[in-house]
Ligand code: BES
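First comes one chain, alone, set out as structure tokens in the form predicted alone.
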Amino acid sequence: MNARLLLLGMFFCIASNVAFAISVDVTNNTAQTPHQATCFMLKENFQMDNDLLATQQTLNLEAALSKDIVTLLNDLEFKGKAGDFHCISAPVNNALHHFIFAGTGTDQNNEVGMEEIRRATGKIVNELKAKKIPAAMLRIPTNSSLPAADIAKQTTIAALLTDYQYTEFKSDYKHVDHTLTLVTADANDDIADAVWQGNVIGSMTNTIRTWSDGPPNVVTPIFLAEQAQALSKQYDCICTVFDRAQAEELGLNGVVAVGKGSSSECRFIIVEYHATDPDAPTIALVGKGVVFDTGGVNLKSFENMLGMKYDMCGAAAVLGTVFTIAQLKPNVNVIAIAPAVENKTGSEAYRPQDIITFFNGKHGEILNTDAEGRNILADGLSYAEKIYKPDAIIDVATLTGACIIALGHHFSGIMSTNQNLKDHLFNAARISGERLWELPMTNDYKKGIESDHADFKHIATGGFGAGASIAAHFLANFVENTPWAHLDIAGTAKDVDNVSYLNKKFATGVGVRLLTDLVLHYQK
């Protein structure tokens, strides 16, 4: 790979219906051609000579980026704090050129954090989109203790995530291509590889966001299965899909029970990525795939039913992760299991006080058909452990409103009793920016699911509270000997506000970045 050229090829969002297909290149300090916009990230209390004017020389735009702009920034009280933002226009070679400045702030050690770089990138890309600027150069910060390759990777991911919109059914939407060139003092192979990785992660995240944002009459269990099969073929994974009859024969009765009230039959989707090393560890990922949730017999209200197309974001996350990993090819086996169902009120719909015999032979008493996600996860978890005997299992689900009440929309809940796996996940959260907050898993909550009629109830009654922890205790019955963690993404899958690279109107694709970084750094 020749790092002295404009390299890495063109980076395109995979989804065909994004706002524009943003391409990302990376170059060293030999840029000669003026672009329509030049973008800078500056830390708090930046030094004009060391930070700004050095960048001016790197971009070879001395005539335009003069002391006059430095003076103007001072007049505008641009201090480089996190959230500071200004766009200044000036003539360059008889054409209007835009200079975009985004502040990253600093911490107590005068260092810039990666999340601040991601958010500054988001603000910059949003400005490029708003001003319909077709091409821009973005200077990767050099005044940071963070490795340049890490900055390049996270900047690429943030740019692609910011670019996303769901426009599949916008008849008057016009597709526009934009190019963002990352400029660095040393465009070496490590940075080139980092930008490539960022493209893979960001593009696949955007792909599964289109599934989450798609209407429920399109995104059915069969649709998810077909997407998994197509991408498995593309990325050389093994894909197995069980239909309802096969699921019944296998004893996946939690999946069958929830799905049988709908004319859109359930599917049990398994995608396997295998590393070349026969001794590689195996991580199993299980994602809740309720493509639409009416609540079933315990029917939701009109207000609570809106947005229930996003109840499959856990399944989207684990499938997106395995296809990302299949491109990055680390020395870790990944198994993604996505039970996909629609929870409706048809003549075969399951009822309160039904008792389900799950895949592992345990019996659960149903008290509310609107707590359906844990029933399909139960089969997914026990199937993953019994069939694949993995070194770790992680499930991802938009599971409880209680988690939203506890944590809002900026942290996913994590529940686990395995400290090593929690440490891996928290480290991945730090790297990826998909933040976690631990909720309790003590036996004080286990009493809430004791049943007089079966091995356990699937929800607590009588005002017990702690709905997120109760759900985790139910799921714990389906993992016997394997390190396991439960991630509740009910709040983070959508409606995340005040994060520049995530549009509140659309799905976030939460889980792909987190789980990818977990796999890339996983050790037994």
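Sequential numbering from 1, following the sequence displayed. Since the structure is predicted, the reported quantities are computational estimates derived from the model, not experimental observations.
Below: the form predicted in complex with this ligand, not depicted.
Of the residues given (G83, P215, G401, P134), G401 alone sits with a heavy atom within 4.5 Å of this ligand in the predicted complex.
Residue-level contacts in the predicted complex: of R374, R118, K309, R139, one residue has a heavy atom within 4.5 Å of this ligand, and it is R374.
In the predicted complex, N368 approaches this ligand with a heavy atom inside 4.5 Å. Not displayed here, this ligand is approached by D293 to within 4.5 Å at the level of heavy atoms in the predicted complex.
Though the partner is left out of this view, R209 does not reach within 4.5 Å of this ligand in the predicted complex, counting heavy atoms only. In the predicted complex, A490 approaches this ligand with a heavy atom inside 4.5 Å. The partner is not drawn, yet in the predicted complex one stretch among 236 to 244, 320 to 328, 393 to 401, 438 to 446 has residues with heavy atoms inside 4.5 Å of this ligand: 393 to 401. Residues of 272 to 300 that come within 4.5 Å of this ligand in the predicted complex, judged by any heavy atom, are K288, D293, K300 in sequence order.
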